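Next comes just one chain, in structure tokens: the form predicted on its own.
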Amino acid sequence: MKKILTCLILLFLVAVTYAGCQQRATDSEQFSSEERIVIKFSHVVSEMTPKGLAARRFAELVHDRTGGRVEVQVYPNSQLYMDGEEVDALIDNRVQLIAPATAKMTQYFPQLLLFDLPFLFEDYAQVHRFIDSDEGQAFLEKLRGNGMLSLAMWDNGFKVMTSNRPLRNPSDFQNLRFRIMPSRVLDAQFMQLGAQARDLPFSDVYAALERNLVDAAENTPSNIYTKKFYLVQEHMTISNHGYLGYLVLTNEKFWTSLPEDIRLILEETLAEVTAWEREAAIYHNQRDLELIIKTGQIEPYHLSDEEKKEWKKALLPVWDTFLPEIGEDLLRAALR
């Protein structure tokens, strides 16, 4: 009986496996190589961040809504390209979608410097009010060039400071070495506070903090938690001093070459995922901040209202420096 039972189980497993293979074969052969469309989506953060989750959700919905004709292949954690490399890859059409932080695109679109201004946005509602406004949408539509086309803005969240000494007053920043993204505003922000700024790819941040190549960094709770930066920093100042957003970009030639019906499905799905991603960003940053604090590995500190006023006052000259490039009208629209 044991032998018979074993044989039956083996036959069942073989049948299931064969059926699964047959199903996969049917799916992949449903369209010819000329009809099937592959979109490579490269990003540098964890799959469990708001961006990572949204990219995966977009891929799944697109597969379902096109009946498998379009396959969005998502490559997180710099699996394909690191910071600085993915933009060139997009321009060359080696990937078709990326979602870099706005800071990393300021060299191509200088008005994006707006999003790096310290204490520009008070909360998510203000961010979304600006992006969804006529001025915000007109601004996003102008972000095209070098073979790139902007499709949407996704949230990461509001940044906090991590460091190896407490940061409560502007004078506490003196001589600290901060990792930053490649943005002239962020560089000026830390210079204004008496610190040094060092531009490093996101994939190198943990090692740089661990080896004391830099002393501190600014990031969102979701990035700090998923990349475990709290293990190599002693203090965290919950300042919410800057907004970190992503610009979803595509290769313009590739995008405009898509069949109209496919492009419409992609655009509608991306709009839906963008709304979903906003909620995910709020949830994950709140949750991950709590999880970071619960680890007991880093000492948290919430800025008081008076301390925040001091930070704002100290950083106001940064606004004055970049206002000519950003433009008064755009800044005014963001502040509504």
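This one's a predicted model, so the numbers in the text were calculated from it and none came from an experiment. Residue numbers here begin at 1 and follow the sequence given.
We do not show the form predicted in complex with a small molecule, though everything after this point is about it.
- The partner is absent here, but in the predicted bound form a heavy atom of Asn156, alone among Gln189, Asn156, Thr250, Thr162, sits within 4.5 Å of the small molecule.
- Phe202 is the sole member of Phe121, Tyr230, Tyr75, Phe202 with a non-hydrogen atom lying within 4.5 angstroms of the small molecule in the predicted bound form.
- In the predicted bound form, the small molecule lies within 4.5 Å of some heavy atom of Asn219.
- Shown alone here, Lys51 lies within 4.5 Å of the small molecule in the predicted bound form, counting heavy atoms only.
- The small molecule in the predicted bound form is not approached by Thr106, whose heavy atoms all lie more than 4.5 angstroms from it.
- When contacts are judged by a 4.5 Å heavy atom cut-off, Leu258 does not count as touching the small molecule in the predicted bound form.
- Checking 54 to 62, 41 to 49, 280 to 288, 295 to 303 against the small molecule in the predicted bound form, the stretch whose residues place heavy atoms within 4.5 Å of it is 41 to 49.
- Proximity to the small molecule in the predicted bound form holds for none of Gln111, Asp132 and Leu331, with the criterion being a heavy atom within 4.5 Å.
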